[in-house]
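First, one chain by itself in C-alpha cells, the form predicted alone.
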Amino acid sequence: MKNKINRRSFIKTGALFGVTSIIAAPTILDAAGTPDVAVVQGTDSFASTLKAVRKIGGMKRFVKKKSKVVVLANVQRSNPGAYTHPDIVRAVIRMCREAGAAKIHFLSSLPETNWESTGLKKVLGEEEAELIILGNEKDLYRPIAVEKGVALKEARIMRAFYDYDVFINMPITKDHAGNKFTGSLKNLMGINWPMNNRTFHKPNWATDPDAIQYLDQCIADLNTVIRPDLCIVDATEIIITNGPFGPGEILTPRKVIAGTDRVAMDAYCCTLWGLDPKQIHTIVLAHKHGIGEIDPKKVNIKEFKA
C-alpha cells in the first residue's frame, strides 16, 4: 500500500514525467442547473462527498477510464479538525474507482506516522489506494519557473506529480497562525519541496504584517503554476483557533464543498466562521493572478442537504 521513494530509488527508475496540470482558467460546466461550486451539509461525510461531486457533474467529468489519479490530502496533525476526514477520502477513492481510474495514488512528503495517526493509512489500505511518501532530497522535486510570481520566482514540485492525468486537491479548511486561513490555495504547498516552502516564511511570519503578506504572496504565486482538476474541501469539523496544527476551538459546519475554482471555494469557506474573504490576502492575491473569482455573485454556488 505504501511506496517509499528516496533519491537512490528515484534515480534508479530513470523516471521522466510529463506536465499535466499547468495553470489554466477554472473549468465551468455549461449544463443547465449545474453549479460551479456545490456545498452539501449533513452528518454523514461520506454521503455528503458523493452528493457534492455528483452535483457538479460527477466524478466521470474529471476522471476518465484508465486515468492515473493523484490526490493531495491534508495530514499535518491528528488533532480534531486539523486533517482531511477519512470518510471524505474514502468516498473520493471509491468514486475514482467507479469512474474507471487505473491508479489512485496519494503523494506526501510527511511521515507515515501522520497517515497512521489520522486514520488515513487504514482507509487507503482498505480501499486499495497507494500512498507514496517522498523524501526531502532535492532531486525528487522539479524546478518550475514561476513566471507570474511576485515573491516566488521558482517552485520545486514533486517530480512524481507529473506522472498523473488527474489531480484532486483535498484540503481541510481551518485557521492558520500567520494568514488566519488555510484551504484549497494553501494546500498546494503539500506538493512543493519542503525546503522551498520554508522560504515562504520570513522571520516573525505569524506576527509581522509584511512577513504575513509575503507568505500570502508566495502561496498565490505557487498557484499560478499548478491547477487541480478538482477540489474537494472538508468543512465538516474544523479548528478556528490555533491552526493549522491544533488543538483548537472546534466549529462543526458539517459541510463538504466540491468545485474547480480555488478562489471561490476558499472565499466561501472563510464565511463559515465570519471571516471576510477580501481581508484574506492569499485569496485576494490569487484573484489578482486570475486564478479564480472572489465575488460570490459571479459564481454559481449552491447549497444542498445530504
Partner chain sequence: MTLCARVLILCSVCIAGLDAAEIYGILPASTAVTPWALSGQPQTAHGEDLYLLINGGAELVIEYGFQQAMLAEYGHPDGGRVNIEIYEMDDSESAYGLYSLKKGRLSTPWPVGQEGALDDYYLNVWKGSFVITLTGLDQRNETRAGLKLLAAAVSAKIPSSGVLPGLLEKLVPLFVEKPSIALIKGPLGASNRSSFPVYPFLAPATGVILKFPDGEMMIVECSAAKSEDEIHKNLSAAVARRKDLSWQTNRDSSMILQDRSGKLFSMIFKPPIFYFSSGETALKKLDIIRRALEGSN
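This structure is a prediction, so every number in the text was calculated from the model and none was measured. Positions refer to the first chain, counted from 1.
One more form of this protein should be noted, the form predicted together with its partner chain, which is absent from this view; the next part is about it.
Screening Gly58, Gly248, Pro35, Pro253 for any heavy atom within 4.5 Å of its partner chain in the predicted bound form leaves a single hit, Gly248.
Proximity to its partner chain in the predicted bound form, defined as a heavy atom within 4.5 Å, singles out one entry of Val123, Ala177, Ile226, Ala151, which is Ala177.
Contact annotation for Arg77: at least one heavy atom lies within 4.5 Å of its partner chain in the predicted bound form. Within 4.5 Å of some heavy atom of its partner chain in the predicted bound form lies at least one heavy atom of Pro244.
None of the heavy atoms of Ala102 is located within 4.5 Å of its partner chain in the predicted bound form. In the predicted bound form, at least one heavy atom of Leu110 sits within 4.5 Å of a heavy atom of its partner chain.
Between 142 to 150, 201 to 209, 85 to 93, 227 to 235, the stretch whose residues reach within 4.5 angstroms of its partner chain in the predicted bound form through a non-hydrogen atom is 201 to 209.
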